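Next up: just one chain, as structure tokens, the form predicted on its own.
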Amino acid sequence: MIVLGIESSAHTFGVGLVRDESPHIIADVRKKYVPSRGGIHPKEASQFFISEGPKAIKEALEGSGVSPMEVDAYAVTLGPGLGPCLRVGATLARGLAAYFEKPLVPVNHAVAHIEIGRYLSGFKDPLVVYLSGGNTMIVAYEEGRYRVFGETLDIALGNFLDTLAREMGLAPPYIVNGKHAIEVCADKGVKFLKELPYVVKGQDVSYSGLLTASLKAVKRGARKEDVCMTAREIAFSAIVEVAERGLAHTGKKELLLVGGVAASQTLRDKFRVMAAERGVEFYAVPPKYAVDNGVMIAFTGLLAFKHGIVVPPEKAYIRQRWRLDEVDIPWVSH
């Protein structure tokens, strides 16, 4: 069985092809929109996807030697994400499914990050820390769905890092030699700024106050390197704290780190130390699959398709705020 997955929720148009026999991943094509200034401009990103999306699909099929008729189902991200970007992927997926008379599988972007992590780690029942530009949450499977045990009360960790870098004049580009601009700057910091707030409220975190305080510190004359170092340590330590509380609450013995921010080596090291102290297994998704990609959509689509989850093309509506705890997960069982 072969499934083609399309990802277009933010800055990356990804196309993946997977099958349920080895090798499982047979195509992985990505076209990334990089803004010339500021953050992601949804209209510009969608126009980039309109131009590059069909090319990516063709490249994935031709590169793998798979014809569109050999694909058993087409899977697509329907949310959460940026509306204009999601619409491009959804339109192309609807067209492919309708034209070739193949099933169309709706995929939740956040669930896909978790499933590619479970596949790569081999974990059966982990506590999941999902960190990206738009999401920051602590998740675990319970009674048919992934349940949220904690999340950000305002902005996501990835958004915090990007905004801080942009407002400090460090980005774009946001990634420099594989490291986030904030981390590159933080590595040169020497003084911890005690005035920056550390905010954890029960099982939740908050980053908006830290962002405001960090920018004010720069305006007062603090070294950017010290601000970056302090902000990074506070932001990362806060999410590690709530994750540890999640482990204590759920009793899980596996800890899985997924999402684009999981590519940070500093963050991975912090989680690794915490997991070792608690005696739980830890796995961080490799940077290649931590970021948005079509493979995770195809793989999750394969799981969903095997359990009969399909949608008529004309009813494949995008949902910009589709929460992962609204999604039934019939392929996981304890």
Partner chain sequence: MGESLKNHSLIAVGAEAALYKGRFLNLDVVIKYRLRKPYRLNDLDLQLRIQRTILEAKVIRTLMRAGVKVPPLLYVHPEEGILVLKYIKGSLLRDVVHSGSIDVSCKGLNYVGKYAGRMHSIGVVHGDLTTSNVIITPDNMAYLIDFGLSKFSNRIEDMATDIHLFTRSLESAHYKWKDFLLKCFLRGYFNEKGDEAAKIVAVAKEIRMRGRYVEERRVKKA
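All values reported here derive from a predicted model rather than from experimental measurement. Positions refer to the first chain, counted from 1.
Beyond what is shown, the protein has a form predicted in complex with the partner chain; the following relates to that form.
- The three residues Leu82, Asn135 and Gly150 all sit with a heavy atom within 4.5 Å of the partner chain in the predicted bound form.
- Here is the short version: of Met229, Ala97, Ile114, Ala165, the single residue with a heavy atom within 4.5 Å of the partner chain in the predicted bound form is Met229.
- This chain lacks the partner; the member of Leu120, Ala213, Ile175, Val200 within 4.5 angstroms of the partner chain in the predicted bound form by a non-hydrogen atom is Val200.
- Although the partner is absent here, Arg278 sits close enough that one of its heavy atoms falls within 4.5 Å of the partner chain in the predicted bound form.
- Among heavy atoms of Asn159, some come within 4.5 Å of the partner chain in the predicted bound form.
- In the predicted bound form, Lys315 stays away from the partner chain, with no heavy atom inside 4.5 Å.
- Contact check for Lys253: no non-hydrogen atom falls within 4.5 Å of the partner chain in the predicted bound form.
- Proximity to the partner chain in the predicted bound form, taken as heavy atoms within 4.5 Å, picks out 126-134 from the listed stretches 219-227, 180-188, 99-107, 126-134.
- Residues of 245-279 lying near the partner chain in the predicted bound form, listed in sequence order, are Arg245, Ala248, His249, Lys270, Val273, Met274, Glu277, Arg278, the criterion being any heavy atom within 4.5 Å.
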